[in-house]
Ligand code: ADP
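One chain follows as structure tokens, the form predicted on its own.
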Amino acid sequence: MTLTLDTDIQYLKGVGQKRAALYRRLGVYRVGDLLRHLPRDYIDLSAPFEVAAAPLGERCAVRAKVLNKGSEARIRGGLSIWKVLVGDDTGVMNLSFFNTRYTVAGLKEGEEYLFYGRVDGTLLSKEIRSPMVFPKEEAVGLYPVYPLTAGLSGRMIAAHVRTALEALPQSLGDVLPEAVRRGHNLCDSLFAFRAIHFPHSVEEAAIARRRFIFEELLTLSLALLKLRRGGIERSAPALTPPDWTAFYQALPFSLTGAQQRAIADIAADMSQGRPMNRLIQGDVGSGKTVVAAAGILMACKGGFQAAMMAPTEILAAQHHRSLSPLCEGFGLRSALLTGSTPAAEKRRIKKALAAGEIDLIIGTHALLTADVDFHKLALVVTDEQHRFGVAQRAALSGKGQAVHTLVMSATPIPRTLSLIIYGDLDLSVIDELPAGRQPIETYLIDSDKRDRAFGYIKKHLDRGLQGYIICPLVEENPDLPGLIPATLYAEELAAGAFRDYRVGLLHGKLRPKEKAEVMARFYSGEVQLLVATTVVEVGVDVPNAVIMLIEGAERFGLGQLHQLRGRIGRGSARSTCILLSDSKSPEVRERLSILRRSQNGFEIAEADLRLRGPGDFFGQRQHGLPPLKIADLVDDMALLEAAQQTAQNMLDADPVLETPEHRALGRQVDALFDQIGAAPN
């Protein structure tokens, strides 16, 4: 049987059905998947140390002969340990092997090996515990370290990769066209596979990595561009912009120049007869909702319906509370549909929506259910877009015929991430705050100053103002000692330091009805101090709340802290955010100090991305795109921009990627669509 990249992994020599099942846990189904299961690191075996020169406290390779294999000794818990003595002309060292009978049995006294691990002990008595063992002939280049699963060792994966590379034909086809490789100085795939798995030098590994990074970013760029162009090729309602004078006069405030420019972008998009795909990105409190309201007015006054989807019921209710009076002023009918809407009310709303008796529907994921039908949907607005997958946005848009799409994000996304997450969208940035907003004063304290902070909060409450105390946990967690859970903290404060004040509690484990009741009491001023988790991160707009204390601030990312801080400073009163952290880490203190120095969410997001990396930027949130396997959005920005330009040129020449040189890439793009649950139009 001729081996190809599409051959089932079980048919690779040395694998079989049982190991194939283990490989599937790693996402490896075919030989090509195995070759793309890339090393996460390398062990340098090219320059092993002599025993005397092996540096204490560091991981390194040591070349030595086995002098004495010793014998098995039993230790606690039924474990076995072997002490093996090795040495060379410069000295001796002890190796400890735990429960690895077969490894020790394979060693031969008098034979020379490479032993890799952390060197401990003293200059005169060195030791490596549980070293990796290599035959001396493997002392060439860099040895790959792979992501593993139980039952598959790194050595086993390396052996299977080597077998595959030896069995594959030398004329292996390449996903990247030759012109693309030449234009960007990229190596071919066969060289890249060999060099990424078994490089002879750091430079060779870098050449291979650069090729795979470009290929990954090109595939993603093609997918996102096909999504956008699929919409452009369809027709959508060509709407006529209304007279904005009446809209502006109906607002209780003046719009900023940035807001007016964003509205002009929306009006231009929706009047062209093809689907709008636009992102409105702005910092906390920049006024994105009123910009969305302009698009809603344009759609509904044109005889169509609009839908707005938010990730939480709190945010959906906030949008309904702010937009429904404006809608009524223009004769538009609006409704709120969430998971906690009573069953009878849900039926009434869905019936009215299908009959065209509701112009604007605002809701959560409840809008995605199969029984939600529209009479004439023309505009879909999605808030906090990164919390929804591409497929979810497409599902709501699919309830109409080639609808216009407007997405909003109050979470500042660094440009590097924005190009990936919103690569299928045109961008409008609201980079001005409404007049009258004052900067939020931000302080960093430790627990010794907590009582003083409480006194400062009380002074604000005594003036009729309101505040928040944010906790990183809902309930006690034994794995995180020292962090006060919101449930216990609210009780302690209500009975202790704030017993003369009205304290409320809000967290994600409350039932929707309970959340709504707490928020109603906070909006009305009945609750003076709200103890909450990050459930208030978006969608809570109480201008009278002007002070916030964040416990365990080091537990949050900078972007999340900035979002939480954005719950205050929403009126004209001076606002204060107090970050409380007992961490002594210089890195943590410096990270939190960034918030003291900057009010700019985009600057803070860039710093957060640099400090925490793209993998942790969103925490547990879903942004609907597959994780990047090798590209790094901090370091690979130039390659991303080059890949995007290449994708544009490629689709200009071959819109469906059907020419022979593009078919392999087209298959990769289709596989990516399957992975994210979306499809080009």
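One-based numbering along the sequence shown. In this text, all values refer to a predicted model and were calculated from it rather than measured experimentally.
The same protein also exists as the form predicted together with the ligand; that form is not shown, yet it is the one meant from here on.
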* Structure fact -> As a check of understanding, the residue in Val104, Ala205, Ala486, Leu255 with any heavy atom within 4.5 Å of the ligand in the predicted bound form should be identified as Leu255
* Name the single residue among Gly557, Gly285, Pro199, Gly117 that comes within 4.5 Å of the ligand in the predicted bound form, judging by heavy atoms. => Gly285
* Asked: Which one, 156 to 164, 523 to 531, 498 to 506, 432 to 440, holds residues whose non-hydrogen atoms are within 4.5 Å of the ligand in the predicted bound form?
  -> 432 to 440
* Using a 4.5 Å heavy atom cut-off, state whether Pro543 contacts the ligand in the predicted bound form. => yes
* Answer yes if any heavy atom of Leu176 is within 4.5 Å of a heavy atom of the ligand in the predicted bound form; otherwise answer no. => no
* Find out whether any non-hydrogen atom of Val290 is located within 4.5 angstroms of the ligand in the predicted bound form, and reply yes or no. => yes
* Asked: Applying a 4.5 Å heavy atom distance criterion, does Thr219 contact the ligand in the predicted bound form?
  -> no
